[in-house]
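Take a look at this single chain, the form predicted on its own, given in structure tokens.
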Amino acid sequence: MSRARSIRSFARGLAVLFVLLVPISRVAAANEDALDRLEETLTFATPDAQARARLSGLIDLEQYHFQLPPPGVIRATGNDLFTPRLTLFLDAQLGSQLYLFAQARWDRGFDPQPAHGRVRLDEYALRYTPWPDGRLSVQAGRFGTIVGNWTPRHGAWTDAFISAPLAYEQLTGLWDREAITNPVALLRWSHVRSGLPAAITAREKDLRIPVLWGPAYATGFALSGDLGKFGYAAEIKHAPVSSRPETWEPGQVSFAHPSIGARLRYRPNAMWNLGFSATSGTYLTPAAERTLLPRHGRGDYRQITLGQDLVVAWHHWQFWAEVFEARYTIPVVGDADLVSYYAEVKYKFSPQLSAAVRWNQQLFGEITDRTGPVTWGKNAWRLDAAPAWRFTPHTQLKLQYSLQHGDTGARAFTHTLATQFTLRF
């Protein structure tokens, strides 16, 4: 498809979306009081306020236009994709010690794809806090990873961008359903050779894994707490942070090879917040056991990831950054290392208007094959820019443009345009 046809195609999709947005925005603006009353109606409390519960939700309408192959974890056969989503949240408090939260979604899949809509329960967990000072909380259920600082703010209403950072969605050459037995296979799966057809890259999306797969809603247990300026958290889950959404369901992967993670946080004042994370787990699913080398088990194929993160808030400016160093242990081949990081800045021009810019980069280390040391993946970078308009306390519109270089099939650069309208209630 030519550049002009691509732009016209996206413009048509954007026009259709705006045709939907105009009446929705007008209805929302004209019914702000009704939406406020709805929030009150969806809040429940006992007369003594010992038990409280609140239902809330988001309606998201997203339109994507991209060059093939689709970027990241998006699955599509064409250049345009429209994805609606309904998300419902439940927050319940029983006394001062028990807290229950859950998240259910109706959409076409956790990651954008042209599939039939279905209902899914992404999160549900019970948290117990024995002491009022918050020094310790124990949590069990299915919930987002404690690693890094992006997961707590990844929702459509709070994230400055539509897509996740590169570390959370850029697919590497590692497969989770088949074990690598020699360096040649790793280099082939990593698309190190140039000019790879887009169709092959698209087909392999069902096999390849990123450093982290979004918020990693796996099942397990966690403990956390605050000790003055310091905070800590630890988790044990049935699947690692790189596991695909299909494996997050309980029973899909057993606890035979649990993934463990920890995070320390230091907040010297309201302006600064620093974090350090570490996690380890096998990146292969049980389906890969038939491909393992003799005398090796899934536990020998591990992903060990260290992370550092930073948050700075100053007047109208906000800054976030994360760096992840990942090592994948591969018997016979050796260790495959990579570094993935991003830095983003957001400026609020007014309570309604803001804009954000994010720089992402993923750099691969070397392995040794028959010819000597060779980089085991294609280095990639991506630049994201996203303005956002918050029309009312309940409606928001975001636009995003992304320019990416590296691991984009036969193209040197790819462009992605996206828009997202959110209604909060």
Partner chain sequence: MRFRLSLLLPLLCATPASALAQAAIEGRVTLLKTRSAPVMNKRYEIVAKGGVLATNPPLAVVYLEGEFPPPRVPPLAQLAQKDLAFIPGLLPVQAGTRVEFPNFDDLYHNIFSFSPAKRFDLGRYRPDEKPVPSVTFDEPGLVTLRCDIHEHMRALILVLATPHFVMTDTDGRFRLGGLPHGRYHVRAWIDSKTTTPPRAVDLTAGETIRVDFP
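Positions refer to the first chain, counted from 1. Owing to the predicted nature of the structure, the values given are computational and were not obtained by experimental measurement.
The same protein also has a form predicted in complex with the partner chain, omitted here; what follows describes it.
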Just give me the single entry in R177, R120, H296, R267 that has a non-hydrogen atom within 4.5 angstroms of the partner chain in the model of the complex.
-> R267
Interface check vs the partner chain in the model of the complex: of R127, R85, H257, R302, the one with a heavy atom inside 4.5 Å is R127
Does any heavy atom of W359 come within 4.5 Å of a heavy atom of the partner chain in the model of the complex?
-> no
Is A53 close to the partner chain in the model of the complex, meaning a heavy atom pair under 4.5 Å apart or at it?
-> yes
Look up in the model of the complex whether Q93 has a non-hydrogen atom within 4.5 angstroms of the partner chain, and give yes or no.
-> yes
Quick one: is R290 in contact with the partner chain in the model of the complex, heavy atoms, 4.5 Å cut-off?
-> no
The stretch from 249-257, 270-278, 333-341, 184-192 that lies within 4.5 Å of the partner chain in the model of the complex, judged by heavy atoms, is 270-278
Heavy atom within 4.5 Å of the partner chain in the model of the complex - qualifying residues of 98-116 | Y99, F101, Q103
